[in-house]
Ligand SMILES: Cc1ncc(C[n+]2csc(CCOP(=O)(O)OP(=O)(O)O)c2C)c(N)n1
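Given as structure tokens, the chain that follows is alone and in the form predicted on its own.
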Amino acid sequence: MTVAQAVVEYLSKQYTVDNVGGVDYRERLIPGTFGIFGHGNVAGVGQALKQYQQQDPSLMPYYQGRNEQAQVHQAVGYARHTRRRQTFAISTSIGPGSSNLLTGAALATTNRLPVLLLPSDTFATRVADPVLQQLEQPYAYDLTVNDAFRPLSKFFDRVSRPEQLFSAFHHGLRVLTDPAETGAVTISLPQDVQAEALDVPEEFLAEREWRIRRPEAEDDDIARAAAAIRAAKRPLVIAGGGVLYAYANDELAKFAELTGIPVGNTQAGVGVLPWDHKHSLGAIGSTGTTAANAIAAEADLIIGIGTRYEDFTTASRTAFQNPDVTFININVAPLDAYKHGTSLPIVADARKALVKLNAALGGYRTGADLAEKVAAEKKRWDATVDQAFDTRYTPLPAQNEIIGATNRAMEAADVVICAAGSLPGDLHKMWRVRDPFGYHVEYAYSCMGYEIPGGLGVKRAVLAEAARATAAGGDRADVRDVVVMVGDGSYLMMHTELVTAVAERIKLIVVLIQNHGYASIGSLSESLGSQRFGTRYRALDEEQHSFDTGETLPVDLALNAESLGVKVIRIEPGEKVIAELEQAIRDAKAAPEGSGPILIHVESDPLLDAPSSESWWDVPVAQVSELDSTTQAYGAYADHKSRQRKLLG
């Protein structure tokens, strides 16, 4: 068989086995392969996929896409919803097809989410040299475009000879299925090697199980952590995505209820507790709630569980103002467990660590004063969100009102998707999550354009989830609806996967918010004294060479979506816009599965801000300027910088 045929058959036989609470879950690691074909993979992986499709369509299903980067986003969305038990492989042609994967690779690695990238490469033999789309560098003639994946991948290899196939994929999948190491795994496949024949050992093509490692916490570490918690007066948990990936929600809830310790969550950690849980403070940090940030400011002990302490989480190291604050960091990845110089790192699976902590803390509970403060701050923030969601009957609604309407129209099990712009911050602080799988915002890379392909990946996982439940139970299982919330800026970056949803008749609901520009960076620019420069979608004023004052562009994104074959619901400006939006989402939800994507178009006023988090994010301001607005902004910036800490705990 050829190298490509061996790759496809090998991937079809790989399974993850995950033990949670004594129960083994066995899933197919690579349920399908995405590919856009060109010279490089058309005679290799493309031929292999076609051959197996004819012999057995279930062996390695092929999925078509419109953009290589978007295919990675689909795989990442799928991987996150399956809690890193499954992902897709992506095959590309050489040159631009391969380099289109680079942004997706960075996104997957930054988010610690698995994806298998199989970019094609130039001839290993150099028999045709240089080939079309080959990059030539005189100082390193063995360098190809695919070497750009090295710093973006958690594992990189190039199969320059057929015999290298076995070790490359064995070690690549080892990294792909390791919670502490996972991210983009890139195996470069030269186009001549893909088509070359070799004898493949039977054991390489046999079924293999990859057991997801969930390391136990050391007893000494748990004892030290328990002692630190008992000594604390104002402890606070910061829960990240690691809690969700470890299926530790129930143990975290038990921990909070036994001890009374409140819980704030990162973007990736939304869903660790329901929004109205007694001990849930909601989002923390720069895009957090005033409740979580008020408690964080006074905390003397931070218990980080499954968080990488991104700068939004720590409010650029200004969130924790208690001079005696210390950290306990529980994380499966040593890189994150040791952050901020903590003296109490616990390198372990979040669920297993919490089980031991719950046993070690029997009888401990925080004081009544902390409970009273938590209740008061939660009540204050809930009232703030109620007011933000309240309809003001203006022709162009605030984004807050749009979020509120979407939240009300969705069911608890439905999934909201977002990634970039002002929406992620507003969703983080205000979205009232009711299900651990109900919130999916890609914010580690905050990649514009992720929303639609990422949402499509989540929907694929949701459909597979329902199919498994139906097969196990006999009755037809309910299918979660997936609702993408996206601004016009991100929509214009990458909306082409709507065509993929049309082709496969996948019901994906998209709420497209038209605000005629980059609302998030516009607001940030204004706060930094740059007067929303370059953030409006306007016609060019040639005299000033400015895009800030011209006429609004006559762009009709609803018509654009219709031209792609998408069913579109237009919400016209007016006093009933929010009620009509809410009803449109309910109508879209009522559409049957298999009816294709539905896009709801609504305009908003980008100048109406969300409630303040009473927090900060460090974005430098020009120290000297001839603009008064910049000079004033620098004064505020310097004041915040004075409160920034090293946070060595």
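One-based numbering along the sequence shown. Computed from a predicted model, the values in this text were never measured in an experiment.
This protein has a second form, the form predicted together with the ligand, left out of what is shown; the following refers to that one.
For the residues Ser98, Thr186, Ser490, Asn293, the 4.5 Å heavy atom test against the ligand in the predicted bound form is passed only by Ser490. This chain appears without its partner; in the predicted bound form, the one residue of Ala388, Leu258, Met448, Val145 with a heavy atom within 4.5 Å of the ligand is Met448.
Contact check for Gly517: a non-hydrogen atom falls within 4.5 Å of the ligand in the predicted bound form. For Leu423, a non-hydrogen atom is located within 4.5 Å of the ligand in the predicted bound form, even though that partner is not displayed. Among heavy atoms of Gln399, some come within 4.5 Å of the ligand in the predicted bound form.
The closest heavy atom approach of Ile521 to the ligand in the predicted bound form falls within 4.5 Å. Remark: of stretches 480-488, 176-184, 273-281, 118-126, the one touching the ligand in the predicted bound form is 480-488 (heavy atom within 4.5 Å).
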